[in-house]
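Quick setup: one chain, the form predicted alone, written in structure tokens, and binding and motion questions come after.
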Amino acid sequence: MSKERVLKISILRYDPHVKGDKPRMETFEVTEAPGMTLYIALNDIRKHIDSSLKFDFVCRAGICGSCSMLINGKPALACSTLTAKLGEEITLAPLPTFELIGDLSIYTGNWMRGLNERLSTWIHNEEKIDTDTLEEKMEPELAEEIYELDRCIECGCCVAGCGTMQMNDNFLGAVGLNKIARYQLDPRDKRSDEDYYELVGDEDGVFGCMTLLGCEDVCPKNLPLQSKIAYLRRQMVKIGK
């Protein structure tokens, strides 16, 4: 039997709500167990070593996006990251851009809500809904394409992995552009091409993307972010002519 590894997990600790607190790195040692994820390791630290450690989780299955953080400098979900795929020394930090609650705990709610309000991410249809009439049929291939984009869990990983986001606070990011691609595909949304151009046809939208592929590299749901951004860019060029 192979010897159990002792993981050295260094965590950026800082609570902005505690007066006088300063950012610092603290290292904890955890004995690795078979099938251990970083979520399990962090719970082990909080239960047996330091109960004040702050981090988030809900589903533990890569669905809610709550446990997103920088893992060895790369945005990822703690609950779906196996420690066996990492070295014995691991560095953790909170995602940038979002509001810091404390340690690894961030609040993406305000940022995501502002993005959804900015883009009006709901189906725009002024027609009166007849509850006795079946919804207009949609081709299965189109429904599947829309569903694929709907799998975004708003974890913020693509935002943290985006070079443009670090230079332009108004950039929509892959998460915003993905939402617009989803609604532009949906035949139930009656917004015009010009409406979409107004939302994303500038440097804060599709033409601000530097195509570094960072968003797609770190997306835990493996969404086709770059292909959809390229699609939107082609559409916006046609509309803007």
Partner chain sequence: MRITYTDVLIIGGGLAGLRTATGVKERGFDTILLTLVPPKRSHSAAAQGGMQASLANSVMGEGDNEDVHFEDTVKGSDWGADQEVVRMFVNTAPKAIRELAAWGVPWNRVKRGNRQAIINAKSVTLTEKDEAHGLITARDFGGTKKWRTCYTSDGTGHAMLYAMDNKAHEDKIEIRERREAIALIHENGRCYGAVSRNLMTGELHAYIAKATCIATGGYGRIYSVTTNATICQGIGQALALETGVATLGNMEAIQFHPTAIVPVGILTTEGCRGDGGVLRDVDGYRFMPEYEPEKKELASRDVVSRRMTEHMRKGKGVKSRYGDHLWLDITLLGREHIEKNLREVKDICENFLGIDPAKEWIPVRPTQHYSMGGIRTKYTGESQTLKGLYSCGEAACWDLHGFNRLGGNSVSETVVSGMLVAEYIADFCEKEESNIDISTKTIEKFINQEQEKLEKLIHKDGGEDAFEIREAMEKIMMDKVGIFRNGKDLQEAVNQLEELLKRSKNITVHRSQSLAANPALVNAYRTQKMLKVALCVAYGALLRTESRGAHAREDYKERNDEKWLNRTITSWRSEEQTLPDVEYEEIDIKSMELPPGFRGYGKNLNIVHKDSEIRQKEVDEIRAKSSDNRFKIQEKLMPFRDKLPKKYRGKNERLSERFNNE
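Note that this is a predicted model, so its numbers are computed, not measured. Numbering follows the first chain given and starts at 1.
Although not depicted, the form predicted together with its partner chain is the subject of the following passage.
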query	finding
The single option of L86, I101, L119, I71 touching its partner chain in the predicted bound form, heavy atom within 4.5 Å	I101
Partner-facing stretch of 22 to 30, 196 to 204, 209 to 217, 177 to 185, counted where any non-hydrogen atom is within 4.5 angstroms of its partner chain in the predicted bound form	177 to 185
Contact of K221 with its partner chain in the predicted bound form (heavy atom, 4.5 Å)	yes
Heavy atom of V159 within 4.5 Å of its partner chain in the predicted bound form	no
Exercise: T97 in contact with its partner chain in the predicted bound form, heavy atom 4.5 Å	no
Proximity of L82 to its partner chain in the predicted bound form, heavy atoms at 4.5 Å	yes
Interface residues of 39 to 63 toward its partner chain, as seen in the predicted bound form [heavy atoms, 4.5 Å]	Y39, I40, R46, K47, I49, D50, S51, S52, L53, K54, D56, F57, V58, C59, R60, A61, G62, I63
